[in-house]
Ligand code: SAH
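Next up is one chain by itself, shown in structure tokens, the form predicted alone.
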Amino acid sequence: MTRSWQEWLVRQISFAGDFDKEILEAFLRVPREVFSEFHYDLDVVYSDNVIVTAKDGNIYSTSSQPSLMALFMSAVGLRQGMKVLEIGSGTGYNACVMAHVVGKEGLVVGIEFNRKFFENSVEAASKLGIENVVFVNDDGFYGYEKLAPYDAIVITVAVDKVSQHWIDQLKMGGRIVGPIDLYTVDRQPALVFEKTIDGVAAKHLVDTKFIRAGGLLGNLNETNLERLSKIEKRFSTPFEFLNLPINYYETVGVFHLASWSLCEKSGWIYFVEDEGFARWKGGWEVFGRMELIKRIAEEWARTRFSPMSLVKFRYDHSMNFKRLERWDET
């Protein structure tokens, strides 16, 4: 009975994209209902939709849309023998599906911040006899150095920044895929980051909606507000105004992903640097010495202010901004 529903799910996933046979077959081998503490009819369990799998107080764990997870697996080139780190593994369904894709010679390490959800994932994997998956109860910001390096990192919770630990633990040529929480505009584009000898390159994959991360992967707004509080009172009037011929949502998205320096205060969007800050008012009002924001603006202008979905972001290995390009021209 369950097998026929799994086959139905795979057909739905196939309609959403051209995915490798190994990825589709993995969904046939893992019963999704095992990872949920709630009972659903099988037509719900095996629909290509998000389902809530567990609750701990006011915190929920969800099983992501299967076709989106297949897209993430495809984006990092998941295949036999790879070692994969998953950030935000919840109750473990996606990690166990990936474990079948990488096979016995591969390994999946799933990190989950919530203790209850972590315990649920361990129990489910044990019940199904899946041995090439390891679950860790910790803050995913730190990755998992003990089993590094990884061929790929898959993020299944909305994070507001890319951790330096992930870049350090990723093999050269490896990829990271996942949603970035642009908290000032309530938008969560998923990006693919690739580590190369020259640094890290990132481009837009698809727009998404995930549960926001807790811990150090969800505190960037607060961190930047603290930086702002240390310098804001030093300046009373703007030094200059940066006018950008592009809409607010695209501007905030590009500047967030290029800098990791945005925060929101009293309805205003701020860009914070060490010796100054900028405030959005139909353009950036610049207070103090601001070098990074100007460089991002200049780089973006070189792309003819292309929308975020067409911009390639380039960083060094410490995730410091280097330049912007149109990805369809590089």
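Because the structure is predicted, anything quoted here is derived from the model rather than measured. Start at 1 and count along the sequence shown; that's the residue number.
The form predicted in complex with S-adenosyl-L-homocysteine (SAH) is left out here; the points below concern that form.
Using a 4.5 angstroms limit between non-hydrogen atoms, S63 touches S-adenosyl-L-homocysteine (SAH) in the predicted complex. In the predicted complex, no heavy atom of E250 sits within 4.5 Å of S-adenosyl-L-homocysteine (SAH). Contact check for E123: no non-hydrogen atom falls within 4.5 Å of S-adenosyl-L-homocysteine (SAH) in the predicted complex. S-adenosyl-L-homocysteine (SAH) in the predicted complex comes within 4.5 Å of no heavy atom belonging to F193.
Stretch-level contact analysis of 150-158, 123-131, 194-202, 232-240 against S-adenosyl-L-homocysteine (SAH) in the predicted complex, using heavy atoms and a 4.5 Å limit, identifies 150-158.
Using a 4.5 Å cut-off to S-adenosyl-L-homocysteine (SAH) in the predicted complex, each of Y93, D139 and A213 places a heavy atom inside that distance. Comment: S-adenosyl-L-homocysteine (SAH) is not present in this chain, but in the predicted complex one of L107, L257, L217, I176 has a heavy atom within 4.5 Å of it, namely L217. Contact annotation: of the candidates Q169, T184, Q188, N114, the single residue with a non-hydrogen atom within 4.5 angstroms of S-adenosyl-L-homocysteine (SAH) in the predicted complex is N114. Taking a 4.5 Å heavy atom cutoff to S-adenosyl-L-homocysteine (SAH) in the predicted complex, none of the residues in 268-305 make contact.
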